[in-house]
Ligand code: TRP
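Only one chain is included here, represented as structure tokens and corresponding to the form predicted on its own.
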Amino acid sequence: MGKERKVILSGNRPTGRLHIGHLFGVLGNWAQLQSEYDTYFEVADWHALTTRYQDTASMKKDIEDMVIDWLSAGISPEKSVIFVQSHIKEHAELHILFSMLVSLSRLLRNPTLKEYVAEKQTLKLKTEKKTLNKIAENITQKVFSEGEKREEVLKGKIKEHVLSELQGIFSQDTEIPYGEIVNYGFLGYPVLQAADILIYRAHVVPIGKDQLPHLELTREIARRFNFLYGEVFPIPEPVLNEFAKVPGTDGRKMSKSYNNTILIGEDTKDLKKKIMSAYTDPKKIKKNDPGHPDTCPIFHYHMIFNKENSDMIKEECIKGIRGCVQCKKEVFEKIDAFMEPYREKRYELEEKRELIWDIIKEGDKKAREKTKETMELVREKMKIDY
């Protein structure tokens, strides 16, 4: 009898089409893991709602596009379970039960929450400052009619005093310093994430180093549940992934929010436009100027897609023998050739979008079998199976 395989749970929030940063990172890793583990890949649509609850019209298409990219990248429905989070209601039940085991102060220590709040607070303060300045200006204008001559210094002091008073009024009622910024769903999403992982009794979770604090809460919840009620959940271990860093076309991190991505299976025409207009070396103005390839995204693409020639390209660039246009043309041809099989697979699947939902339906069925089994154990151990 063969050794029972360990379980892995991973997933993505559905944001539409994925880019080559995903391909050389998480998707390439998933494709390898599905041959070694029982793999469950979650379309985390509930998690997506924590920040886009007001923008749900494109969710269905975003799910389709993301799953198409998963399949194009080698994720196999025969080897893995592909399911939609919101289709498996047991996730929500376990989330509610787990929420009783976690304190508010523990959730407030979540690093992702702190980063989100810092970003939102900065934006909020900028908006408030503009509003308050406008109010103060209007009040000051009423004190000094247009025909009345007064010292600008006095006018400025009155405005400063009014602004100070307004800020005092606006900053009074805060139960939590940023309670009005964060919705309940965002605060509790790490508990839902714990439910996502533990309901499949996953042994392993593939993550980057920045996600370790999230997994630690999952491990804490598993240990606390097992201590209070009896053993149900394995304590999931992280598999740390050092993903290849793929810069965006502007040299920054590749991200949709920066509009600097190269999509998986990018259309040839769009790909050429993106590559030929990409950021290069601002110090290399003329072809014969010495270049600085280490800071140039085009050279990074050569290192990924044209590795056999990258040393020669680097040397020519530094010596000023090679121009940026030549470099772009060559790497475009390499990327375009690399993309062709992904492009063909995407075209094929885009014409059969109903097939995506057939795959999801089958994955939902398999996921539900596992989660129902887990919830029966949970209710029995908690003595709430009445």
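Since this is a predicted model, take the numbers as computed values, not measurements. In case it trips you up, residue 1 is the first one in the sequence shown, and so on.
Below, we refer to the form predicted together with the ligand, which is not included among the displayed structures.
- Listed residues F305, F299, Y189, F233 were compared with the ligand in the predicted bound form; Y189 is the one with a heavy atom within 4.5 Å.
- Note on the partner interface in the predicted bound form: the residue among L49, A44, L349, M339 having a heavy atom within 4.5 angstroms of the ligand is A44.
- The chain is drawn here without the ligand; in the predicted bound form, the stretch among 263 to 271, 246 to 254, 199 to 207, 281 to 289 whose residues come within 4.5 Å of it by any heavy atom is 199 to 207.
- Mapping the unseen interface onto this chain, G11 counts among the residues with a heavy atom inside 4.5 Å of the ligand in the predicted bound form.
- Proximity of N309 to the ligand in the predicted bound form: non-hydrogen atoms within 4.5 Å are absent; the residue sits far from the partner.
- Among heavy atoms of Q211, some come within 4.5 Å of the ligand in the predicted bound form.
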